[in-house]
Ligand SMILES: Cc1cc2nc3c(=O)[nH]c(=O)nc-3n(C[C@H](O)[C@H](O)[C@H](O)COP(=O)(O)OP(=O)(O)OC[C@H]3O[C@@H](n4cnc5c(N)ncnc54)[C@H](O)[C@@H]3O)c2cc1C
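Listed next as structure tokens is one chain, alone, in the form predicted alone.
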């Protein structure tokens, strides 16, 4: 089904040769890569378009909850996924941004930043999310001047310094653990209570240089050339306080990268793409998977599984819509 005859051309060249794709995957994280893998194994003509391979895996340190891999670095897990995809010779365009998606009758036109336009019967959007901002005074001014959103990237820059972590979920708890080998002191500031997994909170108990301020809301980030600290509201006492520090890692979740579909499919109040149990959106032929969707749990293994579900559903959709099966 949905096969064509070619004698192993270079994957990238297919983007100039294929007139109509069965499925274009937008995004190179776990959802997109696994979706492409399943689609390829089903015989679909599938290609991937992405800025980078791995997505948010590159902002993840040690992964110990992905079945089959024990304590693997996020970047290494991404590399394992990529190597698997390459064995199937799935065509991939990297370093390319998708600029627009249009529907012309039942065919989608995917316009790319390199000037190409790809025509495809279906789309799998797996674009993940971007770091959520605090949106407080000083955040923009001190970005990369003490304010960061990636401990994996920037923790070594704060060797022997006092660092604040904003957030109370898994990403915040993991950020604390990332900082332990580097920072001299770590302070967590979160507006409510911990929401991180119990196993992570147990690990935090062993961090003796950790202070925790719950029910505390960051109001402002201040400094001169570099960040020097924060002003926050201690909500239990209803008092504004100052906390001096050399750095601030903001770990409060992500914003879904759903802008490509904002005029095509239904989004929820958080701009997440609404999908059904088969990963189908409100627009026939467009599917979505991973952190860009309205599924509650943002986990690597769930994103990968959703990519597989989407590819299988797309196969059935193509069989029914184009072949009447």
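Positions refer to the first chain, counted from 1. Since this is a predicted model, take the numbers as computed values, not measurements.
Not on display, but discussed next: the form predicted in complex with this ligand.
Next on the checklist: Given the stretches 183 to 191, 223 to 231, 157 to 165, 97 to 105, which is the single one in contact with this ligand in the predicted bound form, using a heavy atom cutoff of 4.5 Å?
Outcome noted: Answer to the contact question: 97 to 105.
Checklist entry - What is the one choice in 265, 63, 45, 280 with a heavy atom within 4.5 Å of this ligand in the predicted bound form? => result If I apply the 4.5 Å criterion carefully, the residue I get is 63.
Item to check | in the predicted bound form, the one of 275, 300, 261, 37 near this ligand [non-hydrogen atom within 4.5 angstroms] | outcome: Among 275, 300, 261, 37, a heavy atom within 4.5 Å of this ligand in the predicted bound form occurs only for 300.
Item to check | residue 294, heavy atom within 4.5 angstroms of this ligand in the predicted bound form | outcome: Heavy-atom contact with this ligand at 4.5 Å: absent for residue 294.
Checklist entry - Is there a heavy atom of residue 247 no more than 4.5 Å from a heavy atom of this ligand in the predicted bound form? => result Answer no; every heavy atom of residue 247 is more than 4.5 Å from this ligand in the predicted bound form.
Item to check | Non-hydrogen atom contact residue 49 with this ligand in the predicted bound form at 4.5 angstroms | outcome: Flag for residue 49 set to yes.
Next on the checklist: Against this ligand in the predicted bound form, would residue 169 count as a contact residue? Criterion: heavy atoms within 4.5 Å.
Outcome noted: Looking in the predicted bound form, residue contacts with this ligand do not include residue 169, since no heavy atom lies within 4.5 Å.
Checklist entry - From first to last in sequence, which residues of 19 to 55 have any non-hydrogen atom within 4.5 angstroms of this ligand in the predicted bound form? => result In sequence order, 26, 27, 28, 29, 30, 31, 32, 49, 50, 51, 52, 54, 55 come within 4.5 Å of the partner.
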